[in-house]
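Consider the single chain below, provided in structure tokens and representing the form predicted alone.
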Amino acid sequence: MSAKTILIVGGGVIGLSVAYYAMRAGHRVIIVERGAPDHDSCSLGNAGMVVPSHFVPLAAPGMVAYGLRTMWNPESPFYIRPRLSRDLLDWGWKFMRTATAEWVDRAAPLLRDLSLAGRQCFIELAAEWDNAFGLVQKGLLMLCKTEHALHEEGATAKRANRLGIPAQVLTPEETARLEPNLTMDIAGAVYFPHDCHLSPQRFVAELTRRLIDGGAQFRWCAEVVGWRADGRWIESVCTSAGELQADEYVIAGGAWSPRIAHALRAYLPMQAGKGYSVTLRQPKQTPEICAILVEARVAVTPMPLDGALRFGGTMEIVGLDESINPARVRGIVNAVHRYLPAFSPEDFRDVPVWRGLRPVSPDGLPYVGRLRSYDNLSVATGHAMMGLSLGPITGKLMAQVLSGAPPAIDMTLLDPDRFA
């Protein structure tokens, strides 16, 4: 295999992971990022979870009804801002058509394989990097406030076991034995022992440092404004910082990927799903295990290495709007006390709010692989809430594709042209 120059558009966890594994494969890499070196990518403030438990795609039976039922509540976990948008209508139509039991049956084994392989990548990187990002392998608790939610999560646990993902339904007493330092008011929980958590900020920082030390070139504050192509061959990308040439190009621009690809007539249906998080630097209680407050859809993660505790959630479909909606944050804060009574809304007063735009495809699977219209153009985006969890395995698979090797996992369902 001859070394190539590979240009990746996007400096979030997906773009950095593609660059890292491509560099390990012997290639030269250039990362083009529209933000500055201290840019706030979607990966930095997320829940920091590695989740084999999340094998059900976002497009699943009941999600459309759930969205319609909750979207009028300003504090609900899910919200779609009504607006006249052809892209939104197109995405919504595709989402409704995809959200079937048949689709879940097809997608779940792939999400399982990707997540378990991704988990192994994190374990290997933690061993190689002296665990600089604080990987904790203690599992995930799905904390249920109601018996109804516990029953539904129990059904998911049975399905997980059939797929080879360990899961166990716990009583409140059994849950308390796993989390003796956390006061909980719950009906029960489901425990996924193979899930993990880590510090996303430290992981991204370590990835960036190792890329720089390995000779990767970063082009900061460089926004893509166009492309130059000759037939099926991309010759260069035009940016606000100048024109850049490479042998291979990868679009990994998160929620901005459809805009970046539009000039090449590449069709990537996607909506930006805004999420929020708040981080308590000195929490009253600190759990050992990351958790999700099921009915509220709020993630709770102890941040390794610094003692902080992060609460994150919501899926707000509002376009490329990075403003902060106080009602959405209020929904997260108000939910915490119902499950974890040691905490009160007062604990979150004046705590800074983080927000990020997740790239959400209409079928709940990312776009990963080559575009058929060009011989040297690939895509790695659309991971929704799984960007951190699937970052390293996406990078590893893309490095194989870019090197001309068969990918270790069948990527047919991830085809970037599947909606074209």
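Values in this document were obtained by computation on a predicted structure and should not be read as measured data. So that there is no doubt, residue numbering starts at 1 and follows the sequence shown.
Not on display, but discussed next: the form predicted together with a small molecule.
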Hey, in the predicted bound form, is Pro359 touching the small molecule, heavy atoms inside 4.5 Å? yes
Is there a heavy atom of Pro269 lying 4.5 Å or less from a heavy atom of the small molecule in the predicted bound form? no
Examine Val379 and determine whether its closest non-hydrogen atom to the small molecule in the predicted bound form is within 4.5 angstroms. no
Proximity of Leu402 to the small molecule in the predicted bound form, heavy atoms at 4.5 Å: no
Work out which of the listed stretches, 364 to 372, 44 to 52, 57 to 65, 22 to 30, brings a heavy atom within 4.5 angstroms of the small molecule in the predicted bound form. 44 to 52
So which of Leu293, Val190, Leu111, Ile260 reaches within 4.5 angstroms of the small molecule in the predicted bound form, heavy atom to heavy atom? Ile260
Spell it out for me: taking the small molecule in the predicted bound form, does every residue among His39, Trp256 and Gly387 have a heavy atom no farther than 4.5 Å from it? yes
